[in-house]
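Single chain ahead, by itself, as structure tokens, in the form predicted on its own.
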């Protein structure tokens, strides 16, 4: 008996996670409609990395692709997790903010252009320090300018996850889509252990990590919108749905009082059970699912 007859769907699917950042972005668009902006041949690389003995990359780990998704204009901006951990620096941040601003300009002019952020990133590039922090602020500002005019969709697919300042960019997006393998959090497990000790967080405990930062938990708590399988066609269909969706009347990042009340109500005298937290926070009767 062949493997395909035992688990046909699994073996026949095309993995999204196994693609690099450029191919992930390309795979989301309608066939024959996309083109890359500021591609590697323009050699927009970081001037700061060579000074510190680090080889730069011609696209600075940021890929910008414009085209159509489901027949509608869209731009995808991917951070390549294989280059410097997907960190964001001066050049990659400028590319991301400029692409979002261009989408805003088109949308205001009547050509609604959705943005998809493919985030595989540990956050700010430490070698570029304050420039990276400024880039995160500019990206967040650009997301906030675009989302009243067109959807901003964050897609977190791979095991690099989305941490640090870029998790804030995900937080202000219109929608967040995650795979079960993806992770999302302000501080990564290693950082928490380093700063607060292994008694606070054991970064080698994989079950603990996924119970807190994992895609299933984030969606279960209502902090992300869709959990998708690692499958190119299923991810493409989910992104297409959100590109075509109506604009939201209220965003998760605007529900400050709701989340303050939820955090205040937590009983911290005992270890909080992730499943109970999902049940409590993802309660449609209390609102705040978006």
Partner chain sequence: MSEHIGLRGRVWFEALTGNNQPMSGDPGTVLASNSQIGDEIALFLCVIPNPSSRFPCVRDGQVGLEEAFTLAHHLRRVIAEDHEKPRAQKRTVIAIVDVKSQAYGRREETAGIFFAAAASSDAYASARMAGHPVISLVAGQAFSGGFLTHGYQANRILSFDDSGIVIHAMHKEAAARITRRSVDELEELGHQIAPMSYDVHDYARLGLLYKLLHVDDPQNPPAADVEAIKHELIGAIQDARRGATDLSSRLQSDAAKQTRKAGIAVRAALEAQWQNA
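Take the two forms, superpose them, and find the largest set of C-alpha atoms that agree within 1.5 Å; that set is the rigid core. Positions refer to the first chain, counted from 1. This is a predicted model, so every value here is computed, not measured.
Note that the form predicted together with its partner chain isn't included here; everything after this is about it.
Visitor: Does each of 66, 90 and 208 have at least one heavy atom within 4.5 Å of its partner chain in the model of the complex?
Guide: All of them do, each having a heavy atom within 4.5 Å of the partner.
Visitor: Between the options 165, 151, 158, 215, which residue brings a heavy atom to within 4.5 Å of its partner chain in the model of the complex?
Guide: By the 4.5 Å heavy-atom cutoff, the listed residue in contact is 165.
Visitor: Quick one: does residue 126 come within 4.5 Å of its partner chain in the model of the complex, counting heavy atoms only?
Guide: Looking in the model of the complex, residue contacts with its partner chain include residue 126, since a heavy atom lies within 4.5 Å.
Visitor: Considering non-hydrogen atoms and a 4.5 Å limit, does its partner chain approach residue 247 in the model of the complex?
Guide: Judged by the heavy-atom cut-off of 4.5 Å, residue 247 is well away from its partner chain in the model of the complex.
Visitor: Can you check whether residue 55 is within 4.5 Å of its partner chain in the model of the complex, heavy atom basis?
Guide: Because no heavy atom of residue 55 falls inside 4.5 Å of its partner chain in the model of the complex, the answer is no.
Visitor: So, in the model of the complex, is residue 253 in contact with its partner chain at a 4.5 angstroms heavy atom limit?
Guide: Residue 253: yes, in contact with its partner chain in the model of the complex.
Visitor: Counting only non-hydrogen atoms and a 4.5 Å cut-off, give the residues of 125-140 close to its partner chain in the model of the complex.
Guide: The stretch touches the partner through 126, 127, 128, 129, 130, 131, 133, 134, 136, 137, 138, 140.
Visitor: Once everything's superposed on the core, is residue 18 shifted 2 Å or more at the Cα between the shown form and the other one?
Guide: Stays below the 2 Å threshold, so no.
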